[in-house]
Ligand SMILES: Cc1cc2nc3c(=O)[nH]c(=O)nc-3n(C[C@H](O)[C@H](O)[C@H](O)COP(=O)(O)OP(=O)(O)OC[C@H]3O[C@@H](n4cnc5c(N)ncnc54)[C@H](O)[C@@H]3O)c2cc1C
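Let's start with one chain on its own, the form predicted on its own, as structure tokens.
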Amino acid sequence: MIQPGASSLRKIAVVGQGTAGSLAAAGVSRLHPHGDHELHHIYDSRIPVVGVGEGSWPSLVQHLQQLTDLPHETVQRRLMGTRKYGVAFEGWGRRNRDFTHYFMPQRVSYAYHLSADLMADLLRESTRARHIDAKVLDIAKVEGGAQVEFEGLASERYDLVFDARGFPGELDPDRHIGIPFIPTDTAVIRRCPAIVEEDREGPVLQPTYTRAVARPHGWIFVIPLTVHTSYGYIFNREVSGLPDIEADFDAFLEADGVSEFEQRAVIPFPNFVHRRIYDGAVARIGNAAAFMEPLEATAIVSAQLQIGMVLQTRLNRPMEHLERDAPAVNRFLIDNMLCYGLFVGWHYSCGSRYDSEFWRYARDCAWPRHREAADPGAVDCAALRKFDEMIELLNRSAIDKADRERMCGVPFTSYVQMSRGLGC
């Protein structure tokens, strides 16, 4: 296969060793056709990687098999993973009942519940790179590429840099699009004993689901791996104090029959999209590009999309098109990230079984801000229009076959399932 842009990618850097950085480094190793390209995987070993249980979307199953050349069964066992068939919602919406958001086809399509640190280890085996342990001070676009400034080392110039350094220190309206219509900003992570037993003969085949359980101060995720179960309480630290969260978390685990746990981390997070995900020389990926709370497991699938779009564009388009391609790719990625954000924020629009301060804030104060925050004039993309069209489709008495294939971040089938479950 002829890839006219490959000759312009002789020296590439990936900065960061988390999930997004590991996917990018493995992707470059797999997709770049020339063995003589130079790939630097740069990370600061003093920055710990918080290993949590994560959910994903079905696209990751095939993607990991392609990156590693390992059978699906081997990949799943290496990740201590289980097969995720959807998200089981408990207590969400105005109907006050439990429901499941299935991947489609229902009970056929599956993703992984996985250990993020184990996935980074697995991908490292498929990566051909020079590893550089150093602190990066700055990454900037320069003439003909990008420059990385290090602490204690000489700067390096690259043809393309994937920036996977994680969340920005603080949001800047000039550089970031805030997502205030998602009402949470903090996670308390606990690790508990496994509830799914490892199969010594092969991967665990039983269907599993991420539980998303509404609680008075927010919601709790439950992600089952074969080595442990990951629990996380997602809340808003301006609405609820940490002692109240810890007390309700304790009560939930006791009711769930969990007698012991390991406290892993308290993680504040922003809900945002970077205005310049890709500029032709620097590609922000993963949590450096965008983040929405983990309700629908959008983090990994977002990184897959960002890495894939940038690599495929750079490899398959001649260099002379770069200045025209970069803004189009950037707008496409911003649009998709905001579509994810609108889908996630919409989950709060009908409240929950709790008439608590958090749920009143989420339903009555946070979600109504989505029209202003995603206004096309402010974000330069069509995400809000696409979201409105999805909601309009849900209200039709009959839906054309072509409309059933439409996407707004996620497929129309996902909107249908959530609408019915929430009572929208």
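Given the structure is predicted, the values throughout are model-derived calculations rather than measurements. One-based numbering along the sequence shown.
As for the form predicted in complex with this ligand, it is not shown, yet the points below apply to it.
In the predicted complex, does L338 have a heavy atom within 4.5 Å of this ligand?
Contact with this ligand, no.
My question is simply whether Y43 lines the interface with this ligand in the predicted complex - judged by any non-hydrogen atom within 4.5 Å.
Flag for Y43 set to yes.
Quick check on I267: any heavy atom within 4.5 Å of this ligand in the predicted complex?
Because a heavy atom of I267 falls inside 4.5 Å of this ligand in the predicted complex, the answer is yes.
Considering non-hydrogen atoms and a 4.5 Å limit, does this ligand approach P183 in the predicted complex?
Residue-level check for P183: no, no contact with this ligand.
Do heavy atoms from each of M319, A328 and G409 fall within 4.5 Å of this ligand in the predicted complex?
Per the other structure, none of M319, A328 and G409 touch this ligand.
Since exactly one of G286, G81, G93, G345 fits, which has a heavy atom within 4.5 Å of this ligand in the predicted complex?
Spelling it out, the residue with a heavy atom inside the cut-off is G286.
Pick from I334, A212, I189, V239: which residue has any heavy atom within 4.5 angstroms of this ligand in the predicted complex?
Selected residue: I189.
Region of this chain that lies against this ligand in the predicted complex, out of 103 to 111, 254 to 262, 286 to 294, 197 to 205 [heavy atom, 4.5 Å]
Only one stretch passes the 4.5 Å heavy-atom test: 286 to 294.
Any residue of 120 to 154 with a heavy atom within 4.5 Å of this ligand in the predicted complex counts; write them all down in order.
The stretch touches the partner through A134, K135, V136.
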